[in-house]
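For reference, the chain that follows is the form predicted on its own, supplied as structure tokens.
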Amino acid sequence: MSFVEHLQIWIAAFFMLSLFSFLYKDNPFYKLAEHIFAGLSAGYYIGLVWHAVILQTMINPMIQDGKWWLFIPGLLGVMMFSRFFKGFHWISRYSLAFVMGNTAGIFLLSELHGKVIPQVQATMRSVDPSQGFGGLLLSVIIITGVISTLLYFYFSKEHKGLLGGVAKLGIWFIMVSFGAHFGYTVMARISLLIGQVQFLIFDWGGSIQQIFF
């Protein structure tokens, strides 16, 4: 490996160990790595927004394609910065109102057509006698879980009697779902940890071996 490659590996290993040092206690090395990571992330995000949003979707279409009407969303974006000036922060409310209303409308339609309707169709179509006893049993469990979970969030009537029993069953399905999501999250974090440990052992360890041995 070249000197630059060795330097990159050592810098990465230093910051990685600095972040891991928080497992012992808070210390200056961890704070240094944390601040550098936060600064690099903010700088990268600003550059990404400038090139991918402002230039590609506003400035270039205005100059190259003559879409001068795009200055309106650009003006709304500039109005957002009025919150930093005392006495003019009220101007940003117009931009926020437009963004919140527009986002809510788009999000509602996207969630309805992208998740709710397809999931309802998949739940109802899962009942197919030709799939055998095991598949049919699984379909019944899925439908039971969906209905009982929805009834648990039905608060217009007190959860007593049959409704209360079904709602309690919904709690069990919710807990199983939370447990599955938590387990998936833990496994994903462990996978990231394994990757970092492999980097320290093989990449950084290989660099140490080449330099000192």
Partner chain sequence: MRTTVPVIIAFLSGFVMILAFFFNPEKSFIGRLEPEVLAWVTIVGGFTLLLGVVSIVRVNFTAVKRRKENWPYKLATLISIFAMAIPAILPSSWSPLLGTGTGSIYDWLFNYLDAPMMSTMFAMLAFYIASAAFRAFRARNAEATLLLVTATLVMLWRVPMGEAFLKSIHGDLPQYINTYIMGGANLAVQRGIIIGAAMGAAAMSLRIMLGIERTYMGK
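Numbering follows the first chain given and starts at 1. Note that this is a predicted model, so its numbers are computed, not measured.
What follows is about the form predicted together with the partner chain, which we do not show.
Among residues of the shown chain, H181 is one whose heavy atoms approach the partner chain to within 4.5 Å in the predicted bound form. Looking at V186, you'd find a heavy atom of it within 4.5 angstroms of the partner chain in the predicted bound form. The partner chain in the predicted bound form is not approached by V166, whose heavy atoms all lie more than 4.5 angstroms from it. None of the heavy atoms of I63 is located within 4.5 Å of the partner chain in the predicted bound form. Contact residues in stretch 90 to 126 (any heavy atom within 4.5 Å of the partner chain, taken in the predicted bound form) are W90, R93, Y94, S95, L96, A97, F98, V99, M100, G101, N102, A104, G105, I106, F107, L108, L109, E111, L112, H113, K115, V116, Q119, V120, A122, T123.
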